[in-house]
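Only one chain comes next, encoded as structure tokens, the form predicted on its own.
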């Protein structure tokens, strides 16, 4: 996936390959600008074209390649089989319609229900995400609810049609710690109860440790590491992953750790390993040759020349 800009083409996603199973929560982590949200939106084909440009590959959902479906088929699939929770709950709902109006519209688009039936169903969904007094919530407008309440409404909307895959794009970023914990608990319980596959996009490694079963680390549009969550935190193999974990407050004693530099532009990414200008372990080989995502241990893959050398010893 890329974008046409006035400065030239920007390749935002490069050779990204991921799989997620039913009942599994896959964490997708990395700094802002690494392509996480673009990847999530690309699965539902929500990137407008132009400026978005599909450069090839496949997006397989079961035995369907989503890139080959018509727009009509995609509209039928969105919300019913694949749902998404967007990053900002305050801007994801229409401010001029009540919560009930917007929820009923989604439900009745995919389910043959009367207005009364849809209203009762929406109440049950709000109760599922632990919103008190759901009848009253349905009559409220978005600006009358707090950020945590709005995010629960968004989760209820996303799960209303019992999808097989849920894309959660940083759904707890704008919430305080207490509400964040409640939202994560709800997502974890519903994923298990409904055998739901979840791709959880975040830059918060603490949330990943709490919620996810497996983790994929993105940097500058590429996957650099993928592992089970306990393996990733116990033995991070890529220097970028090591830097992210070291940056968690309280993870290391003394001064808060940071990764020097910033994510490179997608217009002119560095040659070789894209992390090498910021990497404390880089060599001349790293600047010339692009590492492949290879298996270094059971269910543990990494794209790093140094990690490959250590694994082969």
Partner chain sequence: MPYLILASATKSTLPAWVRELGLTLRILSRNPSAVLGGMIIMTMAFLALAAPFIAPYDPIMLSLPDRLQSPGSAHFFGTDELGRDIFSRILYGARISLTIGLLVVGVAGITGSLIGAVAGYFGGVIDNVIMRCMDVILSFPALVLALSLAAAMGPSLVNAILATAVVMIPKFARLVRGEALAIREMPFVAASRVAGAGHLRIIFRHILPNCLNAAIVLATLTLGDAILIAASLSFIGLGAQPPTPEWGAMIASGRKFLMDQWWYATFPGLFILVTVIGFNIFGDAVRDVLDPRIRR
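Residue numbers count along the first chain shown, from 1. Because the structure is a prediction, the values reported are computed rather than measured.
Keep in mind that the form predicted together with the partner chain is not shown, yet the notes after this line are about it.
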Contact flag, residue 146 vs the partner chain in the model of the complex, heavy atom cut 4.5 Å:
yes
Taking heavy atoms and a 4.5 Å cut-off, does residue 114 contact the partner chain in the model of the complex?
no
Tell me, yes or no, whether residue 152 is in contact with the partner chain in the model of the complex, where a contact means a heavy atom of each within 4.5 Å.
yes
Closest heavy atom of residue 38 to the partner chain in the model of the complex, within 4.5 Å or not?
no
Each of 79, 98 and 105 near the partner chain in the model of the complex, meaning some heavy atom within 4.5 Å?
yes
Find the only residue in 88, 189, 231, 204 having a heavy atom within 4.5 Å of the partner chain in the model of the complex.
88
Within 4.5 Å of the partner chain in the model of the complex, heavy atoms considered, which of 173, 109, 119, 242?
109
Within 4.5 Å of the partner chain in the model of the complex, counting heavy atoms only, one of 257-265, 25-33, 38-46, 60-68 shows up; tell me which.
38-46
